[in-house]
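Below, in structure tokens: the form predicted alone, a single chain.
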């Protein structure tokens, strides 16, 4: 049976951080209506796909999912479990912000079925947290992770952001070191990037903030890889590092070009060769689901060549191209056409071809986007 990943968007948040471009709202008055609509949307897609798939990953993102009650999350999970076939070892992740949970709430999330916490720390430095307009401080962040671990969460991930304005290598290393001293199994380390809809983008355009250059960004990125690997966190995707056996099942579903369904505002879905996305507006989403069972705002059917290009791009950005899977899905033409390019990249130390996989080296990860431009599709 085919594997399926499920994403659930919880848009409610008490504050919009300057770098965030995800759909979020600070008004909670439609919380109950939204829950009803999520259940309807889940049932709609279960009628279409439940016989062909078994769910091996459920991910609650936002917004701030940890702001809503454990009972709210439990109600969504129960609807999914009643509507779809669920793997016995399903990974169920909840994005959590420090300052939004206490011992009781963490225990209730665990009882509801959450078995993985992803904590949005971003930095342990006071000035950096103020710049990012985060609502927590370093001690609250550490306390959140420790309390989650004490509550019974054995699989904890943290998010960090590097290349903030004026950030030194020493300060970034301090952030990394603080993270790995905590009982975490996974680290997501992202370079600060400008998103069109984010407040930060306008601040840069207005000259209020100056970002550091790409060469320095690459230096910080290389520092990240070296440090985390020295602490036992292996890189399995451009921005993600995990202790062995703790790679995110949900992340890998995306990077390995698997099928997934997204429920809620602004969520995306991908099944076979079709991609679609929901309305972002909560009002539009609720109205659409009540009228027709889904909230699709747009869709596209991918050509075989588009799928091949995405498959290669995603695989090389993660743990490599499975050569047998590539041949089985797309034939061997791409490999034949690109053999000279692959051999050249290999001889220059940018990738390895071994054990049935084509994988970028650390040197290759640093230039991933440039390397992808070389290939013929």
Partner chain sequence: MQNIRNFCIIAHIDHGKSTIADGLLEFTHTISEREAKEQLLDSLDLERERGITIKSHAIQMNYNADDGNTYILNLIDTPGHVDFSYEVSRSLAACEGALLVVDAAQGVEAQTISNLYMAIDAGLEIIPVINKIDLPSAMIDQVKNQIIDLIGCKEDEIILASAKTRVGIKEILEAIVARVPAPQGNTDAPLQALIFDSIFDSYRGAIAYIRVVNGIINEKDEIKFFASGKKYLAEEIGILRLNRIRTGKLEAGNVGYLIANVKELQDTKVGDTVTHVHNGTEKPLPGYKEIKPMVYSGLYPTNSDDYEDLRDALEKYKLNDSSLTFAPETSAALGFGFRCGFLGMLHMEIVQERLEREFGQSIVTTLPNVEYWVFKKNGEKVIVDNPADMPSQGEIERVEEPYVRAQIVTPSEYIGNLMQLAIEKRGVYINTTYIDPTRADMAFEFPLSEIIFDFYDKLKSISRGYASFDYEFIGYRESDLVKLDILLNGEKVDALSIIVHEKKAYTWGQKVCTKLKELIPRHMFEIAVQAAIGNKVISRTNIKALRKNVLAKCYGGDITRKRKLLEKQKEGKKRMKQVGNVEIPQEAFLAVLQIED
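Here the structure is a predicted model, which is why all the values come from computation and not from measurement. Residue numbers count along the first chain shown, from 1.
Omitted here: the form predicted together with its partner chain. The next part is about that form.
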Please pick out the stretch from 83-91, 137-145, 232-240, 109-117 that is in contact with its partner chain in the predicted bound form, where contact means heavy atoms within 4.5 Å.
232-240
Can you pick the one in 300, 226, 127, 103 that has a heavy atom within 4.5 Å of its partner chain in the predicted bound form?
300
Interface residue in the predicted bound form among 42, 345, 55, 315, criterion: non-hydrogen atom within 4.5 angstroms of its partner chain
345
Contact between residue 369 and its partner chain in the predicted bound form at 4.5 Å, heavy atoms?
yes
Look up in the predicted bound form whether residue 153 has a non-hydrogen atom within 4.5 angstroms of its partner chain, and give yes or no.
no
Is residue 67 close enough to touch its partner chain in the predicted bound form, meaning at least one heavy atom pair within 4.5 Å?
no
Contact test in the predicted bound form: residue 287 vs its partner chain, heavy atoms, 4.5 Å:
no
Each of 246, 332 and 357 near its partner chain in the predicted bound form, meaning some heavy atom within 4.5 Å?
no
Which of the residues spanning 238-276 lie within 4.5 Å of its partner chain in the predicted bound form, based on heavy atoms?
238, 239, 240, 251, 254, 255, 260, 268, 275
